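What follows is a single chain, given as structure tokens, in the form predicted alone.
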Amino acid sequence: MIEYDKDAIVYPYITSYIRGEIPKRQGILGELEEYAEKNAIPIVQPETAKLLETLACIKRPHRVLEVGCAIGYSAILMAQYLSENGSITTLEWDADMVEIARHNIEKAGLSHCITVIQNDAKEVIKNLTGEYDIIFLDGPKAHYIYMLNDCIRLLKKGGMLISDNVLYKGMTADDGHVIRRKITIVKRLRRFISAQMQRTELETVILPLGDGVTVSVKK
């Protein structure tokens, strides 16, 4: 009998099956997966990466905003589905990550369409203008709630807001899973999810995939 992993939001054998069906990535994305694993750097989980990739493939975005660049993995993943002359702006606070991301983006030959900005995303986003086809939130989880209004403002009609790690190893859904030092993050994630579901400008679904993802479409 396979026991339930309290830190997983789906049964581990299901996650194992899903990941086993995902083709192994080659080239720069495969290299970045290996680098992230070796250096314990968090990037999107494989099944979440496939969701992000599929949504980008459907949308063929012209403008993308990402919060939380890390080593550049998700930005490089989405860039392959940009429409002609499309661009990605990605925000990252950690200077070391920014340096690594810019190197990886250059190595991938994508410096012309991916711009990495080093700064506090929740402050930068207040001053951004224009409309985005996709906004991907994968930065500090406790800050999501403070960026929601600006995300909605910046989303193009029909645009998608994709937010990762919203179930936070099950803690968001169940008090019995909450670790004391994570209480503030969990409370803010709960507020964020409730706010998304209640905003009339959005149509939102919560997906128990990876570490939990919400996908919202601006009506």
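Quick note: we count residues from 1 along the sequence shown, nothing fancier. Small disclaimer: the values here were computed from a predicted structure and weren't measured.
Same protein, other form: the form predicted in complex with a small molecule, not shown, and the subject of what follows.
Remark: S74 counts among the residues lining the small molecule in the predicted complex, judged by a heavy atom distance of 4.5 Å or less. At least one heavy atom of M97 is located within 4.5 Å of the small molecule in the predicted complex. The small molecule in the predicted complex comes within 4.5 Å of no heavy atom belonging to Y81. In the predicted complex, G86 stays away from the small molecule, with no heavy atom inside 4.5 Å. Only one listed stretch (56-64, 189-197, 35-43, 152-160) carries heavy atoms within 4.5 Å of the small molecule in the predicted complex, and that stretch is 35-43.
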